[in-house]
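A lone chain, given as C-alpha cells: the form predicted on its own.
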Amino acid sequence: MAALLDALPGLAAALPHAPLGRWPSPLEPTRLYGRTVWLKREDLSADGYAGNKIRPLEIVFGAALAAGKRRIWATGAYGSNHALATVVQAPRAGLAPAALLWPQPASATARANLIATVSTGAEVELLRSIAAFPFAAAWKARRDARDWVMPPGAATPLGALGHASAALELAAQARALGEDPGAIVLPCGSTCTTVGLLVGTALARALGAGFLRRLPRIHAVRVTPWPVTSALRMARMAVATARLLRSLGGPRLGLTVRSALARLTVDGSYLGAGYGRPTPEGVQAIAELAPAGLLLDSTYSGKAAAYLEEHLGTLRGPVVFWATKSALPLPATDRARVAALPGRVRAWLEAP
C-alpha cells in the first residue's frame, strides 16, 4: 500500500490498511533464456510468508478491522497460497486466522502448502467438495458477525487496489532503470493481480509517475480455467476497481472495458489438464529458473515461466516477470495436527 498512499495521500483516511509487506519489493534485471528479464520479486515481499497475496491482504485486513471484525477466513483449494498467506499474516494484524478449503489435484506444492496451513494452528475446515463451498462460506459469514469471509484470492476491486500499488512501485523502479517495460508476464488464477496491474499502470500514467512512453501489455497465463480467468471478466473488474479508486478520492482514469482488453493477453494453453495439475513444461521451467534464485511452483508460477520461455523472443521492450510464489521457508510442520486430519485428507496427502 505504501506506493499508492505516497502517490495519493488523501486516500489514507478512506482506505485503512494493515502494514504487512516490505515495500518496494525488488526489481532485479536478470539474464534468463538468453535475454535480460526484470524480476519483480513479490516472492520476497514480507516476513513469515511472502508472495503476491500480501498486497490485497493489507487492504482487506484493514477493512475487516475497521468494520469491527475479529476473525478472517481465507477460501480456496487445499494448496492455496492465499490461505497460507492469510493464516500466517492475520495474527500480525490482530485478526484470528481461519481457512475454508476444498479438494484439488495432489501435487508436491499443494501438499506442502496444506501441511503448512494446518501446522500454523489456525482454524481450518476442509470440505469434501467444491460444490459445498458457496453454502459453507455463506454459513461462516452469517454465523458470527465478527467474521469476514474473503472470496478466493481476495479477488475484489478492494483487493486489486493492492496490486495497483505494485504498479506504481514498478513505475518508479522502471524510471530508475531508464526505460518503460513493454510486457508483464504473470500467472493468472483468481485474477486479482492482473486486474490491479491493469488499473495501476493506467494510474501511474494519469499521475505522470511512469509509463509515459507506453503502457505495458499484461500477459496473464491461465492457471485456472475460463470463465474465472475470462479476459472480459477481468476487464470489467478493472473498470470497477478504477471506479472504486475514484470514489475514494483518486483521479478519474478513463479506463474502459475496451481499453483494458486492448492491452491484456490471456493465454490458456499452459493450463494443461486443469488447476493444480503440473505440466511437463512448468516442471521444466521450475528447474531451469532455480539457479537464478527463483522458487517457482507447479500450480502457478511454473506455468507462467513456461510461457515466458516460449514467448520471450517476441515480447516487446523490457519484460517483467512477476514472481508470485513465496521464496521463504514454510512454517514448521506440526506432526500432531497433520496426524489429526480426517482420513480422506491424510489419504490425499499420501497419494503418489
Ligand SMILES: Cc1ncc(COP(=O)(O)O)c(C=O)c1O
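Values in this document were obtained by computation on a predicted structure and should not be read as measured data. Note that residue numbering follows the sequence shown and begins at 1.
One more form of this protein, predicted in complex with the ligand, exists but is not displayed; see below.
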>> Within 4.5 Å, heavy atoms only, which of Ala74, Cys192, Val199, Ala166 is in contact with the ligand in the model of the complex?
In response: Cys192
>> Going by heavy atom distances of 4.5 angstroms or less, which of Leu161, Ala238, Cys188, Leu170 would be at the interface with the ligand in the model of the complex?
In response: Cys188
>> Can you work out whether Tyr300 and the ligand are in contact in the model of the complex, taking contact to mean some heavy atom pair no more than 4.5 Å apart?
In response: yes
> Hey, in the model of the complex, is Thr117 touching the ligand, heavy atoms inside 4.5 Å?
Replying inline: no
> Using heavy atoms and a 4.5 Å limit, would one call Thr86 a contact residue for the ligand in the model of the complex?
Replying inline: no
> Is Lys53 close enough to touch the ligand in the model of the complex, meaning at least one heavy atom pair within 4.5 Å?
Replying inline: yes
> Taking the partner as it appears in the model of the complex, which of 180-188, 209-217, 104-112, 121-129 has residues with heavy atoms within 4.5 Å of the ligand?
Replying inline: 180-188
> Judged by heavy atom distances of 4.5 Å or less, which residues of 72-90 approach the ligand in the model of the complex?
Replying inline: Asn81
